[in-house]
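Below you'll find only one chain, the form predicted on its own, shown as C-alpha cells.
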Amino acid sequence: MQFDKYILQKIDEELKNYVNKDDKLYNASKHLLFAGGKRIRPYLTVVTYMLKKDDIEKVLPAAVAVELIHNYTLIHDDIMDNDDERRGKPTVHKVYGEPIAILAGDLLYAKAFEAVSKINNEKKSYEVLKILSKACVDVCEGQAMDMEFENYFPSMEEYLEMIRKKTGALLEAAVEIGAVMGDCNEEERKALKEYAKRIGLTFQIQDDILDLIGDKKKIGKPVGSDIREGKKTIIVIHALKTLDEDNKKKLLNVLGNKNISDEEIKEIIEILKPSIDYAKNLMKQKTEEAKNYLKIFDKDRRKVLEDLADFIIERIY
C-alpha cells in the first residue's frame, strides 16, 4: 500500500518540533528518529482519528507522542541486545556511546509527554496520558518476559502474551489514542481495540518470519540472526512441538550459537518451513479477524485501516 505522503510529512514536521536543538544529545535522539522508520504507529493514530474527523492538525501531538515512545524503546532495546545495526545504520549506542544513548532514549520518552501536554483538550489529554502510560508499562513487562525466555522455553500462550505487551501495546495505544481524539463511542473504541490487538500480533509474527526469509538489505540485519541469538520465536516454539526428534536436535544444537555458518542457517530454515507456514496462516486468520471488527465504520473511511492490516503481513521489512 502507499502511505499518504501528506500525512507522513505532517507527522515528520510535528516530530521536528520536539528535537530541534543541534547538540550531541539531540543529534543522538534524532539518529534513529529520522533514519527511515515506517511511521506505522503515528500513521495509525491519524487514520483512526480520520474514521470520524478530518482536521488532522488536532491529532498530530497525540500521534507523535506514540512515535517518540516507540523510538525511545528502540534505542534502549538495542543497548540491551547489544545490536550493531538498525534500519541499515549503526545503532545509537555504537555511534554515540552507551551513556549518551541512554539519555537520548530518556529524552524521547520525556518529549512524548511534552507532546501529550500540547493536546488542546484537557479531557482528551488525560485519556491519552492514561493510554500511553499503560502502554509503557506493558512494553517494559513484555521486554522483561522476552529476556526471561532466554532461560527457558516458553509455551505458545506465554509467547503470545509477551508479544501482545512488547510489540502490540504501542500499536494498540496508537489506535486507541486515535479513537479518543476522534470522539469514537464506546462500541467503536472496543472494536478498534480488538482490531489493534490482532495487528499487534501479526506485526511481530511477520518480523519473526522476515528474520528467516527476508532480504538482508531490506530488514537491515543478517538473515537468521534470531537463530544465532537463540530467540524463542513463534516459529521455533511451534517447531519444537511438531518436529521429529532428529530435526529437533539439529534445531536445539544451533539455537543461540553465534558462530554457525550461513549454510547451517539455510539448513535450519529448511527444517522450519512447516512452522513458517503455520505462522503465515495464523497471520492471515488474525488479519481477517482484525478487518471484521472495522465493519461498523464507514466503508470508505475504514479502507485505510483494512489496507494497513494487509500491509503489516505483506511488508518485506
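Quick note: we count residues from 1 along the sequence shown, nothing fancier. Fair warning: this is a prediction, and the values are worked out from it, not measured in the lab.
Below, we turn to the form predicted together with a further copy of the same chain, even though it does not appear here.
Undergrad: Heavy atoms within 4.5 Å of a further copy of the same chain in the model of the complex: which of the stretches 259-267, 55-63, 24-32, 37-45 has them?
TA: That would be 24-32.
Undergrad: Should the three residues Leu107, Ile119 and Ser133 be counted as contacting a further copy of the same chain in the model of the complex, with contact defined as a heavy atom within 4.5 Å for each?
TA: Yes.
Undergrad: May I ask you to choose, among Asp84, Asp246, Glu187, Glu98, the residue with a heavy atom within 4.5 Å of a further copy of the same chain in the model of the complex?
TA: None of the others qualify; the residue that does is Glu98.
Undergrad: Could you check which residue among His76, Lys232, His238, Arg198 gets a heavy atom within 4.5 Å of a further copy of the same chain in the model of the complex?
TA: Checking each option against a further copy of the same chain in the model of the complex, the one that comes within 4.5 Å is His76.
Undergrad: Please run the contact check for Tyr159 against a further copy of the same chain in the model of the complex: heavy atoms, 4.5 angstroms, yes or no?
TA: Tyr159: no contact with a further copy of the same chain in the model of the complex.
Undergrad: Whether Lys111 contacts a further copy of the same chain in the model of the complex should be assessed with a 4.5 Å heavy atom distance threshold; does it?
TA: Lys111: contacts a further copy of the same chain in the model of the complex.
Undergrad: Would you classify Tyr72 as touching a further copy of the same chain in the model of the complex, given a 4.5 Å non-hydrogen atom cut-off?
TA: Contact with a further copy of the same chain, yes.
Undergrad: Do Gln143 and a further copy of the same chain share at least one heavy atom pair within 4.5 Å in the model of the complex?
TA: So Gln143 counts as contacting a further copy of the same chain.
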